[in-house]
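What follows is one chain in structure tokens, specifically the form predicted on its own.
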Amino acid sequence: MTSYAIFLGCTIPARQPNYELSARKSLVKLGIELVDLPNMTCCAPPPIQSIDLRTSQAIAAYNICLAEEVDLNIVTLCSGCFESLAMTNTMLKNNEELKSEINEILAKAGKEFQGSVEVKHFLQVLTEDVGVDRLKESVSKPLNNLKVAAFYGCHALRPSELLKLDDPEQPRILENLIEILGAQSLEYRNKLKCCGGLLRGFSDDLALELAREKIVNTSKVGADCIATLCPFCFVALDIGQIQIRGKFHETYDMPVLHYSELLALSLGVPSEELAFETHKIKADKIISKIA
């Protein structure tokens, strides 16, 4: 069995048990052991990077050091965590001067970055460790009647030269993984455009306009649901629909699911074990279609 240190970050444990539950149950079914490491902290994501890049890198490196100490690669669920940890990991491995600078900071906490582990996104573990054939064989409830609008968000794909998840202009990893489950992945207008998630609290009107555009465009092509990777995208598009109803007097009721939730359902995990009650836009019609 392949083992990974799981990095949950801050938002998922605090606000989205549905994401954590579905990812854990799916990966265990697929033969991936997840190890929770004590003392992991915030990844110091993109907003922190924009204020103080070195501090962000040192904090990210601290978390990587914890995985190095037990000789485990890291799997991340949150796109911001993936961007922060994977970018730092690659930069420190390829820049000895930067590595030395960060290790001077880490020494104050009794840590030293070695560069001995990898940081992978949840989707990379599915494609590289589980593999397409094994994933197909594991699907017990194909999503044959489901039309899904894939949404990557911003931070899983860029900076592409450091993250290497997929082509940032024409990604296919999420679409392929949706189709492996038996569902149809739909194309829609401005598919890669930001949902406004990280603008919430700074420019709420703009954030809501961007979320509304995503909901409108996916509705127009007949999507049954949106599949996300990012907890902030989930919030923007799930809770956002309630705010859209209040501001624009428009009702869409477009279910928003993390890809891991679709995966768990297709692997036969009962819906009542996946905390769907935490969704603001209920996923009952999606669950019924699959059943």
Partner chain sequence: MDTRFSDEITGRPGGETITRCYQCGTCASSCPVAKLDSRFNPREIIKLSLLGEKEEILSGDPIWLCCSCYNCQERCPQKVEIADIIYAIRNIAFKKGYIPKIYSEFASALTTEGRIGKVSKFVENKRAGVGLPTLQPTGIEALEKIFAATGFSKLSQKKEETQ
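The structure presented is a predicted model; accordingly, all values stated were derived computationally and were not measured. Residue numbers count along the first chain shown, from 1.
This protein has a second form, the form predicted in complex with its partner chain, left out of what is shown; the following refers to that one.
- The partner is absent here, but in the model of the complex a heavy atom of C194, alone among C194, L135, V117, L186, sits within 4.5 Å of its partner chain.
- For the residues K93, R172, R158, K220, the 4.5 Å heavy atom test against its partner chain in the model of the complex is passed only by R158.
- Contact between L267 and its partner chain in the model of the complex is not found at the 4.5 Å heavy atom cutoff.
- In the model of the complex, its partner chain stays beyond 4.5 Å of every heavy atom belonging to I281.
- Within this chain, L8 lines the site of its partner chain in the model of the complex, having a heavy atom no more than 4.5 Å away.
- At a distance threshold of 4.5 angstroms between non-hydrogen atoms, L210 is in contact with its partner chain in the model of the complex.
- The candidate stretches are 49-57, 240-248, 220-228, 253-261, and the one lying within 4.5 Å of its partner chain in the model of the complex by heavy atoms is 49-57.
- Using a 4.5 Å cut-off to its partner chain in the model of the complex, not one of V28, G31 and K147 places a heavy atom inside that distance.
- Contacts between stretch 33-51 and its partner chain, counted in the model of the complex as any heavy atom lying within 4.5 Å, involve D36, L37, P38, N39, M40, T41, C42, P45, P46, P47, I48, Q49, S50, I51, listed in sequence order.
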